[in-house]
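Take a look at this single chain, the form predicted on its own, given in structure tokens.
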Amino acid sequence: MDFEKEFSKMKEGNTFKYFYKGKWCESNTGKTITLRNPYNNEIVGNIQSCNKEEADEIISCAKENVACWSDTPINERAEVLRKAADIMTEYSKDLGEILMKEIGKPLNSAISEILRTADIFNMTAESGTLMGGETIMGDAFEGFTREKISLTYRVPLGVVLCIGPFNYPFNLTGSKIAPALIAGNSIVMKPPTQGAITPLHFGVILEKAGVPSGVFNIITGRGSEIGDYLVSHPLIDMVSFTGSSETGKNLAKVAGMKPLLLELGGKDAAIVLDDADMEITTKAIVSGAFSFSGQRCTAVKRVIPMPNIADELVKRVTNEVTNLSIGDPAESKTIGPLINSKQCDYVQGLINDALDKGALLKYGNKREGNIIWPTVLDNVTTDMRVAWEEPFGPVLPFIRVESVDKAIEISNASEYGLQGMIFTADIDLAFNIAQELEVGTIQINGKSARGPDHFPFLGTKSSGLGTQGIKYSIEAMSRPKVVVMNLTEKGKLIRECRVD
């Protein structure tokens, strides 16, 4: 099928509309936001700048349509998700092309993001149909009998607000939409401003897959103008958000008593012991640090090597980094543009601070437009900003220490607690270190990463709230409902214990 024809109703020329009650609409404000390709500054498209009154209408519509969707049998909901996955797969190259242009992601990675989202929808459909309830007899507690029975099953929370990030705008929005739908919720989706166009296509995809009008709705606009209003709205029953820790903390303040699922920042540290396999470790660190130019919450953001291995590891990593491809995302270069010039300025500030304070530049520290060359810094110390702040860019600091205890101390001193890594041949020691690290996930002999998507994914401290992963997200977006049966004792069979 022709992609442009199938998705033509969602835009007028190069201006995209928002999705409400199954219709594509233009904002009453008459305002739009222009989105540009961060690589070449070409206009990718314009999105609607919606206001609070339109937010009220959209949220009210979602609230009115919770019941029709929650009453839909779960096997039918699952089939809708499978159809949506098929549509995503069919148009993965077209959607990947748009994604590449609007956020500067390498084309091969952009297409993979679409296909991975299709996998999440399929797996969520499967997991949703397997979610069961529970029956408990009352006689476990003294004074109660088996005539008191608890029947527990799961029900939707209501209206779920899904807010995705710029770096994975399709995947990390889709990973919220799928569990929310399978659990029986209606949805208001707020895509990131930069990166809004690709997830806007969910409106057509889900409509074609069979989601009833009004169950899935999209509002676009700047978070600074409508973000807090959406989160604090009394008809929003749950918020699922991925983004910066600063924004997440503010969101938690304004959300009130709403259930929250927050995926925030990280400062993931790789602790490398003297017996680590150098080839495996080097490849994992370079891939983990520099994929998508380091614009990932799970990127390797610090390396803490032991003394006997440090020189060799720095040399190997630096050599590997010099071979990374740099340039046009359309050519699937590993290192491309950061999302905007402001972010480039921030990353450059971290590099300059480290060099001013004595860090040793091994490679990089070059900038052209929004591209910052992959940068390796050795002899980084704890008085440097790059030792603690999340760069969200292609810069990798090496912090040398004298002991495992010091490595654990530095790792745990971070305000973040997303993931940690341990590279060693001593699995017993790795497990002991893992128990000391204050993070949500520890990778042993592997890079920090979000998937597989059925694994639990969570952070501690400033890195998040709640647990994601397909089954865990479904549980977070639903709640147990308990029906207690109080049976009479009439007709009860009485058996006395006896000794013959």
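Keep in mind that what you see is a predicted model, and the values were worked out from it rather than measured. One-based numbering along the sequence shown.
What follows is about the form predicted together with a small molecule, which we do not show.
Engineer: In terms of non-hydrogen atoms within 4.5 angstroms, which of the given stretches 348 to 356, 370 to 378, 162 to 170, 127 to 135 touches the small molecule in the predicted bound form?
Structural biologist: So the stretch in question is 162 to 170.
Engineer: Quick check on this chain: which one of 450, 63, 461, 471 has a heavy atom within 4.5 Å of the small molecule in the predicted bound form?
Structural biologist: That would be 450.
Engineer: Just to be sure I understand the contacts: of 282, 92, 298, 365, which is the one whose heavy atoms reach within 4.5 angstroms of the small molecule in the predicted bound form?
Structural biologist: Contact residue from the list: 298.
Engineer: Quick one: is residue 333 in contact with the small molecule in the predicted bound form, heavy atoms, 4.5 Å cut-off?
Structural biologist: Residue 333: no, not in contact with the small molecule in the predicted bound form.
Engineer: Please run the contact check for residue 116 against the small molecule in the predicted bound form: heavy atoms, 4.5 angstroms, yes or no?
Structural biologist: Judged by the heavy-atom cut-off of 4.5 Å, residue 116 is in contact with the small molecule in the predicted bound form.
Engineer: Classify residue 69 as contacting or not contacting the small molecule in the predicted bound form by the rule of any non-hydrogen atom within 4.5 angstroms, answering yes or no.
Structural biologist: Judged by the heavy-atom cut-off of 4.5 Å, residue 69 is well away from the small molecule in the predicted bound form.
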